[in-house]
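Encoded as structure tokens, the following chain is the form predicted on its own, with no partner shown.
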């Protein structure tokens, strides 16, 4: 029997191979606004993009002067991110890594960015995710997060908080979920539910 995490990985491998995945090729406007805000406060800061995929946000951050590391568990996504960064003239370090066990020196990043990684983690793995991400973030550092809300199309009107489709696990979060997961250690500077069905948050490590 194949472990659930391996099934999830197979989904992403096939999604990147086929191009049938549904996520945007362009950076999120919310992420860009956060990057523009933070480059004024932390010029040249070290930024980690967790679940960087093909590099859209990592490249955008590098173009704004951040020292960027992108992490993803899918080699094909990293190869494409490397090619895209090279084509854009963007300096991005890319590392094969699992979000639940990031292999970086403790407290080595000023900013951690997660656009769409957390909502693929099972509830049982939330504590490991939290430890891993906060382990990489310096005190006083910033966490940019976008994750599914109950308004996202997979969940809207269903009353369900999770589902599995084509092997991929997806979960939506309530405001209470996010506060319970992060509020002990991070202060919410912004939290809004977008019309795209995602929570968009900016937090700061206390």
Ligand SMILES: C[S@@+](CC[C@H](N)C(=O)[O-])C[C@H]1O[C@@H](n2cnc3c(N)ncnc32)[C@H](O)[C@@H]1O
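Residue numbers count along the first chain shown, from 1. Remember, predicted model here, so these are calculated numbers, not experimental data.
Note that the form predicted in complex with the named molecule isn't included here; everything after this is about it.
A.B. asks: Hey, with the named molecule in the model of the complex, do 72, 98 and 115 all fall inside the 4.5 Å heavy atom range?
C.D. replies: Per the other structure, all of 72, 98 and 115 touch the named molecule.
A.B. asks: Select, from the options 35-43, 48-56, 134-142, 149-157, the stretch whose residues sit within 4.5 angstroms of the named molecule in the model of the complex by heavy atom distance.
C.D. replies: Among the listed stretches, the partner-contacting one is 48-56.
A.B. asks: Any of the heavy atoms of residue 80 lying within 4.5 Å of the named molecule in the model of the complex?
C.D. replies: It does not: once the named molecule is placed as it appears in the model of the complex, residue 80 has no heavy atom within 4.5 Å of it.
A.B. asks: Flag residue 12 as yes or no: does it have a non-hydrogen atom within 4.5 angstroms of any non-hydrogen atom of the named molecule in the model of the complex?
C.D. replies: Residue-level check for residue 12: yes, a contact with the named molecule.
A.B. asks: So in the model of the complex, is the named molecule close enough to residue 188 to count as touching (4.5 Å, heavy atoms)?
C.D. replies: Looking in the model of the complex, residue contacts with the named molecule do not include residue 188, since no heavy atom lies within 4.5 Å.
A.B. asks: Please determine whether residue 93 contacts the named molecule in the model of the complex, using a 4.5 Å cut-off between heavy atoms.
C.D. replies: Judged by the heavy-atom cut-off of 4.5 Å, residue 93 is well away from the named molecule in the model of the complex.
A.B. asks: Need the contact residues for 120-135: heavy atom within 4.5 Å of the named molecule in the model of the complex, sequence order, or none if there are none.
C.D. replies: 120, 121 sit within 4.5 Å of the partner.
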